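Below, in structure tokens: the form predicted on its own, a single chain.
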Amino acid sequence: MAKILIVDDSKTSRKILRGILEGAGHSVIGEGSNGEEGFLKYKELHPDVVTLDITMPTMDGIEALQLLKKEDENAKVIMITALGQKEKMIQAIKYGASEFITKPFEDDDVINAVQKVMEEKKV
């Protein structure tokens, strides 16, 4: 299963995601509360997949995505979006996001997104 880094400024969202992912057999190896923290943890932990909230203080998900892709062009990043963030989703696709999940989380959506990006990695 995947080693996953969760980056979200909402402690509740991180807790929910952790529960869904660990319940599906994945390993959450770290958490960050903003894009800058997420980027530093990525460099330290080398996860298989990163879940990255778009809207965060200090450094948002779009900026963090750009840094992650500069650091590792093969980084697998699943963006977390709130409904109504179409513009940000388009930007994220342009910068190399692998997949999207919308809040509120549906267990199947989260699990399927991780499965999809992990399958891409094998190709």
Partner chain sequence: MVEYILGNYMVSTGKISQKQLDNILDKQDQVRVKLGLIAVSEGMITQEQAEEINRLQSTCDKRFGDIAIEKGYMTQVQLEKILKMQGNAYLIFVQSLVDAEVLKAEEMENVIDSFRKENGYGLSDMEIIKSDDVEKIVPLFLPTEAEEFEEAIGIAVRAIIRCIDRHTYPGKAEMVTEVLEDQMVSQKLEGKTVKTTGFVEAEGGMLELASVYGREAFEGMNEDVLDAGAEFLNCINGMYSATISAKESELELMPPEYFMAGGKITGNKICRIPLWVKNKKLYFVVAE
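Everything numeric in this text was worked out from a predicted model, so none of it was measured. Positions refer to the first chain, counted from 1.
Absent from the display: the form predicted together with its partner chain. The rest refers to it.
Site residues 85, 103 and 107 are all in contact with its partner chain in the predicted bound form, judged by any heavy atom within 4.5 Å. Just one listed stretch, out of 42-50, 71-79, 56-64, 23-31, contacts its partner chain in the predicted bound form at the 4.5 Å heavy atom level, and that stretch is 56-64. Its partner chain in the predicted bound form is not approached by residue 115, whose heavy atoms all lie more than 4.5 angstroms from it. When its partner chain is considered in the predicted bound form, residue 111 lies well away from it, no heavy atom lying within 4.5 Å.
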